[in-house]
Ligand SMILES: Cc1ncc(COP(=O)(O)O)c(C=O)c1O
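Shown below, as C-alpha cells, is a lone chain in the form predicted alone; questions about how it binds or moves come after it.
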Amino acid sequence: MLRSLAPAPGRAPDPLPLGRALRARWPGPPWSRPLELHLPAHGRGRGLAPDLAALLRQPPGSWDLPELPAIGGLLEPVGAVADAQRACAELLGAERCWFGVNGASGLLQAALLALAPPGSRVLLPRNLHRSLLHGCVLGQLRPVLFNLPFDPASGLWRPPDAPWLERVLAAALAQGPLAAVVLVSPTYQGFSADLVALTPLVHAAGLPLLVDQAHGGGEALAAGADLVVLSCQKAGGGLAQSAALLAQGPRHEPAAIARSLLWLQTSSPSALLLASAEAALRHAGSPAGRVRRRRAEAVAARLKRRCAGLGLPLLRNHDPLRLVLHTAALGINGLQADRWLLERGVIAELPEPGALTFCLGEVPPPGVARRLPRALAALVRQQGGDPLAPFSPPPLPLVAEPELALDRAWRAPALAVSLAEAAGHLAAEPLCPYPPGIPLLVPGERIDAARAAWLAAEALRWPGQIADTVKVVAS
C-alpha cells in the first residue's frame, strides 16, 4: 500500500501540505519504490532535457526573470525568446512557432480563436479535450461535434479514416459553412490517424486544419496540417504547462494568432517554462535526443514481449512508449485494475472501463520490463475472469450541434436530476470523467432516452467518476 501523506490522527494539520507532499521521498530501497508510469513524461526528472536539467540545478530565483530586453517575450520580435521560437520552428519544419506557458490547453484555445470569428461553426471530434469547449465559449463559437469509430471490445474511440471524414465533412457542410476543422492525433492511448490521407480532405473543403498533437511530436506538419499544438511534458522532456504552437501555410493569419495569445496568455510568462519548451523541443530533435528515444523504445519492446509471453493482452497502437492493457479481455474493469495496482505501488496514467494506459516516458523507470509484467500477471491471477461483455457505442448521430448555444447553456440556471430523469432535458455542463477530460456530454445537447440510458450504463462502468445525477438547464 502506498504510504499516506496525511497527518496522523490527532496531530495538527500540516501548515504546508503541498510543499510537504512535493518534498516527500519514498523511504525504502529502490526495488520497493512505486513504479510510476504516468505523466509528465520526464518521470520525476529522469528524462528532462539536459539543458533544462542544468538550469534547474541553479538557484531557483536566478532564472525567475521578467521580460527583460535581452530575454523578450512570446510576441516580441527580438530577444532570446524570439530567437528560440525561430530556431524551434526551423528544427520542426514549421514557418512559425510560439511557446506556451498555459499548457497545450491554452494554445489549443488560442489557435481556435485565431481561425474562427465569433458566431462561426467549428468541426470538432467527440474525443476533443474539454479545453476546446472552453475555447468555444470564450470565442462565442458554435461547436459541431462529429462521432468517431468505436471499438466495442475495448470501449475506446478510434481515429477516423478518410471515408469516415468525407462523410463527416459532407454532413457538417450540408448544415452550413464551417470556419475550421480539429483532429486529435495521436490520442491519449497512442492511436494515430492517417493525417496524410485526412488533411487533403479538409483542405479540399477550403478549411484550415488544427491538430491537437499534445501526445505527439509534430508529425502532423509533414502531413500538411496548418496549425499543430504540442505538449512538452506529454511526449518530451519538458515541464508541465510548457507547450508549443506550430504554424505553416496560407490558411492562418499570424497576426490573429498573436492577438489570441495576447488575450489568453499571462503578461508575465514564466522564464522557466519558456526555457522548458525550448529545451524539450531542441533536445527531441537532436542526435542525443534521438538516441535516448531509441533506448526508451528498446525497453518498451522488451516489456511488450514479456507481456505477450505471459498472455497479457495489449491493444496495438502507434506510440511505442504507451502501453495499453486490454483489461476488458481479462474480465477486469480498468478502474478496478488501477486501484488494485495503485495499492501495490504501480501507478498508471489513464484508467478506463476497458483499458489501462501506462506512459513509459523518455527514460522508463529502472526495472520496468521486469516489474510491470510481474505485477500485471498477479493482477490477472487475483482479479481476472471471463471477458467483459462488449461495450455499447454512444447513441450519437454522425454530426450534431448543441440545440442551445454552448455559452448560454453553460451559464443558464441549472438543476440536478437523476440520469433516469434526464431524458428530454438540455445538458447544462459537460460530463467529463477525469482524466483525460473528454466530455461524454456537452452543454446544450438534448438528452434523449437512448442517451440517458447509455449514460446510466456508463456511470456503472466509471465508479466514482460519473455521478448518478446530471445538471440540466432549468426550464
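Start at 1 and count along the sequence shown; that's the residue number. Computed from a prediction, not measured in an experiment: that's the story for all the values here.
Note that the form predicted in complex with the named molecule isn't included here; everything after this is about it.
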Check each of H129, H252, H283, R121 and return the one that places a heavy atom within 4.5 angstroms of the named molecule in the predicted bound form. H129
Answer key, the named molecule contact in the predicted bound form at 4.5 Å (heavy atoms) among S260, N333, N147, S105: the residue is S105
Contact of D212 with the named molecule in the predicted bound form (heavy atom, 4.5 Å): yes
Taking the named molecule as it sits in the predicted bound form, is L356 in contact with it (heavy atom to heavy atom, 4.5 Å or less)? no
Taking the shortest heavy atom distance, is V184 within 4.5 Å of the named molecule in the predicted bound form? yes
Classify R142 as contacting or not contacting the named molecule in the predicted bound form by the rule of any non-hydrogen atom within 4.5 angstroms, answering yes or no. no
Residue stretch of 296-304, 340-348, 260-268, 226-234 approaching the named molecule in the predicted bound form, non-hydrogen atom distance within 4.5 Å: 226-234
